[in-house]
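Below are two forms of the same protein chain, given as structure tokens: structure 1, then structure 2.
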Structure 1
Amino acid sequence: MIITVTLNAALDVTYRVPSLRPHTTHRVLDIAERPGGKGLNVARVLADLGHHTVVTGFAGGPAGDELRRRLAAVTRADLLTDALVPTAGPTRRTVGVVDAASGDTTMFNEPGPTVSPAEWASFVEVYRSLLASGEAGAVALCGSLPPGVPVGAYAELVREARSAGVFALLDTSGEPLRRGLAARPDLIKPNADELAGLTGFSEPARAARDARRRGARAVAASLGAEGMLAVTEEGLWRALPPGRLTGNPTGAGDSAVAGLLSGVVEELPWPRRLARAVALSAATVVAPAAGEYDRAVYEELLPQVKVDAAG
């Protein structure tokens, strides 16, 4: 079983409009709603790969109810367990307005609910009991922190995972990432910007080595069209997708996290973990719906990902 944590979950809403014109009124052509937030995206892909996954974090209010209803209706809902903790404040919506003419998206992200100290304590209790169940093979700690959650939250959650002997992957940015590193997560998955922001180095290999010095046991950096770069105690790898893919990169990083984590619990060697992450990521970019991945494309690309040990 894999745990994914989404402290700042969202109901992702997509509005398609004929053409976006500021300061006018738009008829929305159609609406799509899906459970959002990085950890929930990761969980959906993990379940699709056949892994029993428990999602936790927070959900509240009408958008939280809708999120949970939709989570219970995903393709492999049989493999997903909802252990979200209720909040009094409402789960945020993220509204993406897609211009049907140009295909461009304009995002409006609501602030998350303020999490009370009692709600945070309830969450930590649920998280601890999941770790203590003896079934957890890994945990993914994903995304930003909602107001009210202590900025050192991820350090605490990484420590809990490590003391329970559960592999901890941390995928966040800014100060929560910086603080989280102090607790020595087993793996972080920054993108190029996040890695540069953390370390001050723009060259990915140098930055990844620096991130390891700051506390990460391993770093798998997602570099967009350049695939992934991993620096672990065993060495350095570069994984490249076959050719350039165009599409919507939303959720590609979350699919990569699912690929890495599935490889961890299946005890695959690093090159195979990376190949899976890169193929899933690419299959997410080309899928028509944001945040979904194309299974056939994934299976076609997987053997074509080139992984080189370098350094």
Structure 2
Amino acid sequence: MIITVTLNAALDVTYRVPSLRPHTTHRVLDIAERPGGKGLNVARVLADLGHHTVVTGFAGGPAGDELRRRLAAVTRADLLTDALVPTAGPTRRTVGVVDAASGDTTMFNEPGPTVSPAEWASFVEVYRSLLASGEAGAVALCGSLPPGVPVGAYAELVREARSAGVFALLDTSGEPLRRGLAARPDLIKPNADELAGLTGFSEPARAARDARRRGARAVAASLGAEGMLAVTEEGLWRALPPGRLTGNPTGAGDSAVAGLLSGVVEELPWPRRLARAVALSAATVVAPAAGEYDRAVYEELLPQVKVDAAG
């Protein structure tokens, strides 16, 4: 079992318009809704890969009800368990407007509900019980913090996972990442900008090594079209997709997290984990629907990903 934590879950709404232009009225070609937030995106991919996944975090209001309904209807929903904690405040929505002419996406992200101390305490109780079940092989702590949640929340959750002997992956940014790093997560998965913001170094390998010195046991950095860099106790690897791909990068990093975590619980060596993560990420970029991945493209790309060791 893999646990994914999404403290600031969202109902993702995507509008597709012929061409996005400021100060005008637009005709919407189609609308898509799906359960969103980084951890939920990770969970959907993990389930599609055949892993039993428990999703937890917060959900509330009509948007939260719709999110849970749609979560129960996703592909391989039989492998997804809903352990979301109710909140009085409504779940946020993220609205993406896709320009059909250019393929570009413009995002509008609501801040999320204000979580009360009692709601936070309820979540921590659920989280501890999942860790203590003896079935958890790994946990992914993903995304932003909603209002009311302590800025050191991820540090607390990493420490709980470490106490239970459960592998903890942290995928967040800013101060929550900085605080979480001090609790020594097993793996962090920043993108290049987040890694530079954390360490002050723009060169990814140097920044990743610095992040390890600050507390991460391993760092897997998403580098966009340049693939992924991993710095671990065993060494450094770079993984490259077979070519430059065009499309919508929404959710590509979350698919990479699913690839890394599935590799952890399957006890794959680092090169195979990275190859899977890069292939899933690339298959998400080219998928017709934002945030989904193309299974056929993934299977085609996986053997073509080049992974080189560098120390």
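When a residue number appears, read it as a position in the sequence of structure 1, where counting begins at 1. All values reported here derive from a predicted model rather than from experimental measurement. C-alpha atoms forming the largest set that superposes within 1.5 Å between two forms make up the rigid core.
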Index of the chain form predicted together with a further copy of the same chain, chosen from the pair:
1
Rigid core superposed: residue 26 CA moves 2 Å or more between structure 1 and structure 2
yes
Following rigid core alignment, is the displacement of the residue 17 C-alpha between structure 1 and structure 2 equal to or greater than 2 angstroms?
yes
